[in-house]
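One chain follows as structure tokens, the form predicted alone.
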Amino acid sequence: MEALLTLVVNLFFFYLLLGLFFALAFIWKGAEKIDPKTNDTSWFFKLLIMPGAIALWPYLLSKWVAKSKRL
């Protein structure tokens, strides 16, 4: 049981780590691809959306890829 709990916790931290790397790239380039209005926003706004980008990175990645394919 302890091994399973350790595995779940490690997978959760791995998910968050991937989310952090994705969020940095998303804030830098991806947000403006999904919504062009975010191009002129401040860094404060970008820091505000960072936790959401970390948590929802698979969904945002799919939106980013879909928008890139249409262009």
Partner chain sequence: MSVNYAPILWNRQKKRYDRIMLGLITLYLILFAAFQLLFRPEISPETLIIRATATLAFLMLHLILMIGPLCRLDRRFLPLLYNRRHLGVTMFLIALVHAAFSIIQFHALGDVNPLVSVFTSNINYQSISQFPFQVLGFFALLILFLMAATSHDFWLDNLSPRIWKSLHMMVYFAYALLVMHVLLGVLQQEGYPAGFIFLGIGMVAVSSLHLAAAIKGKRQEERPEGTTADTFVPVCRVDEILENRAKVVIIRQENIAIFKYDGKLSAINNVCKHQNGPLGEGKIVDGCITCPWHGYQYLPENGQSPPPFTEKVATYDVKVMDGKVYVNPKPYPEGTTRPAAVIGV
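Being a predicted model, the structure only gives us computed values, none of them experimental. Residue numbers count along the first chain shown, from 1.
Just so you know, the form predicted together with the partner chain exists too; it's not on screen, but the next bit is about it.
- Leu17 falls outside the set of residues with a heavy atom inside 4.5 Å of the partner chain in the model of the complex.
- For Leu5, a non-hydrogen atom is located within 4.5 Å of the partner chain in the model of the complex, even though that partner is not displayed.
- In the model of the complex, the partner chain lies within 4.5 Å of some heavy atom of Leu56.
- Contact annotation for Lys29: none of its heavy atoms lies within 4.5 Å of the partner chain in the model of the complex.
- In the model of the complex, the partner chain lies within 4.5 angstroms of at least one heavy atom of each of the following residues of 12 to 32: Phe12, Phe13, Phe26, in sequence order.
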